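Before any questions on how it binds or moves, here is one chain, the form predicted alone, in C-alpha cells.
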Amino acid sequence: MMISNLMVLSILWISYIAFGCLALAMFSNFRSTFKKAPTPLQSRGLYWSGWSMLALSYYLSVAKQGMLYGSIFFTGMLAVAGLLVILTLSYRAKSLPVFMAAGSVICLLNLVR
C-alpha cells in the first residue's frame, strides 16, 4: 500500500511536535526557549504529551503501512524529526514553539481531509 505525501508530512510533523515536547520537558531547553524555569506540572505535561504524540505517530505509520514497513518508516521519520528539533534548538530555540504550533495546524488540516 502506498502512503500519500500528505500523510508522510503529517507523521513527520507529529514526530517533530513529539520531540519538541520531550525537549521542552528538559529544564535547559525550556529555559533557553522561554527564559524561565518550567514548573513540575509543565515539565510532566510536556513529557507525557511528547510520548503520546510518539505513540500517535507510530500508530499512524503502522495503520498506513502495516506492522513491518510501518515500523521501518516510523524509525526513519524519528531520525528526520529528531534532527530537525536539534537544529531548531541549536539555531532558533525561541522558534520551536512557533514551529510546533504551525505543525499541529498543518497536521490537523491534513488528517481531517
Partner chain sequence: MKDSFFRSMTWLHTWVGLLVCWILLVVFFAGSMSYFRHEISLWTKPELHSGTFQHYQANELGKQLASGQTFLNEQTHNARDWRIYLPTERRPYLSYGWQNQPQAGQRRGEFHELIVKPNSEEMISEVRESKGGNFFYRLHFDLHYIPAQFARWIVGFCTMFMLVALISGIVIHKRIFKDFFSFRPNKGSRSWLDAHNVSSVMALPYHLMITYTGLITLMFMYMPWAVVTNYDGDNRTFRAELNPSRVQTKPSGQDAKLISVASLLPQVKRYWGDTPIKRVVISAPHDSNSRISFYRNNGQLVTDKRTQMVFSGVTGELISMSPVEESATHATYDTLMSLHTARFAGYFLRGVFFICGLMGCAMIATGALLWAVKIRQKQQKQISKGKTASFGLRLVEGLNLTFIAGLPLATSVFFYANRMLPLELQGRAQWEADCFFITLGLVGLLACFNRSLSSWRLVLSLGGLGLVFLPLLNALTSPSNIIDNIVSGQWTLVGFDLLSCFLGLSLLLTVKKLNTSNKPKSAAINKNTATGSQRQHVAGENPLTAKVKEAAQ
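Numbering follows the first chain given and starts at 1. The shown structure was predicted, so the numbers you read here are calculated from the model rather than taken from an experiment.
In what follows, reference is made to the form predicted together with the partner chain, a form of this protein that is not presented.
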- Query: Using heavy atoms and a 4.5 Å limit, would one call Met26 a contact residue for the partner chain in the predicted bound form?
  - Reply: yes
- Message: Please determine whether Tyr58 contacts the partner chain in the predicted bound form, using a 4.5 Å cut-off between heavy atoms.
- Response: no
- Task: Give a yes/no on whether Thr75 approaches the partner chain to within 4.5 Å in the predicted bound form, heavy atoms considered.
- Result: yes
- Message: Val8 versus the partner chain, in the predicted bound form: is there a non-hydrogen atom within 4.5 Å?
- Response: yes
- Message: To verify the annotation, which of these, Leu41, Leu68, Ala63, Ala37, has a non-hydrogen atom within 4.5 Å of the partner chain in the predicted bound form?
- Response: Leu68
- Query: Using a 4.5 Å cut-off on heavy atoms, which residues of 74-103 contact the partner chain in the predicted bound form?
  - Reply: Thr75, Gly76, Met77, Ala79, Val80, Gly82, Leu83, Val85, Ile86, Leu89, Ser90, Tyr91
